[in-house]
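Here you get one chain, nothing else, as structure tokens; it is the form predicted on its own.
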């Protein structure tokens, strides 16, 4: 009986760990865009959840034409990036130095995008189909093969993003603008071009995250909110001093939420997550990376 009890506990721990890793990595994709946009442009983008939403609905739409799933993911990233680029060009660039106006503007954009989705697809939920559903047996348990695919994709995309940010000239330029926009401009950096590329890239990451998660969720006009709130909490906890803040924030917020929800209830998990976020922000107002930077 003791051996069986220990074996069951081991299985449960492994399942909780895999679910937590899946949620953390997906949340990280959304957070990276928020950290870069806020750190560089000082824009709180309340429409970021709707970019996630657009990515999911892109999957629903394109699966009707029997396109390969890999092609759909690429199209989702490009489409949402172009939407972000259009919004940045038409609205965001005109209000960079008006902090409160950016909140109102992006909130209005989020409402407009959500209503557009309702007009095109209706208020009901849609369902995206996973490209493969066979469970995988490992370490004595069976786990969804598509969830493992989600984790692998999130790791690959995150690694590619950090490679661009820390190992390329474009990333060096972007981090220079984040650190000191005026100095970067004096050194000849075209900050306007960097703003456009950054906003589009961050938007595309959110759309790609939505596309990847679409087969695991009910695709409806409210689904973006479920990732927007924890993403902002992750940004506040991790800090905007460095893109690495997204990694710290997503790990703490996503991990604590998944583990507590599995052990107790989702309601208790929300209480614990918000309490933890408040405590960290109270002790380190600039987030974890902000504290290290000082």
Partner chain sequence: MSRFSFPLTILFWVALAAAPLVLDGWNLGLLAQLMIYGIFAMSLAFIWGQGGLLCFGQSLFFGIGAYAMALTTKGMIPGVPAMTLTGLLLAMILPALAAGLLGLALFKGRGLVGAYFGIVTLSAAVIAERLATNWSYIGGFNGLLDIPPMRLGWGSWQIELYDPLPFFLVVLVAAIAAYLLLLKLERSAFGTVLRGTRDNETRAAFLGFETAEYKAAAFAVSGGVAGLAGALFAAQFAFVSPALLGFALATEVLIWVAIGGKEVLLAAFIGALAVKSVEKVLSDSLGQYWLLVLGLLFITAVVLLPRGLLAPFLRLTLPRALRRPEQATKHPTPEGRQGQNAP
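Fair warning: this is a prediction, and the values are worked out from it, not measured in the lab. Residue numbers count along the first chain shown, from 1.
Beyond the structure shown, there is the form predicted together with the partner chain, which is absent from this document and is the topic of what follows.
Proximity to the partner chain in the model of the complex holds for none of 132, 151 and 263, with the criterion being a heavy atom within 4.5 Å. The partner is absent here, but in the model of the complex a heavy atom of 229, alone among 259, 229, 244, 67, sits within 4.5 Å of the partner chain. Only one of 157, 81, 73, 109 comes within 4.5 Å of the partner chain in the model of the complex through a heavy atom, and that residue is 109. Partner proximity in the model of the complex, defined as non-hydrogen atoms within 4.5 angstroms of the partner chain, places exactly one of 161 to 169, 100 to 108, 142 to 150, 200 to 208 at the interface: 100 to 108. Residue contact check for residue 20: none of its heavy atoms lie within 4.5 Å of the partner chain in the model of the complex. Interface membership of residue 57, defined by any non-hydrogen atom within 4.5 Å of the partner chain in the model of the complex, is ruled out. Among heavy atoms of residue 119, some come within 4.5 Å of the partner chain in the model of the complex.
The closest non-hydrogen atom of residue 26 lies beyond 4.5 Å of the partner chain in the model of the complex. Of the residues in 20 to 38, only 38 comes within 4.5 Å of the partner chain in the model of the complex through at least one heavy atom.
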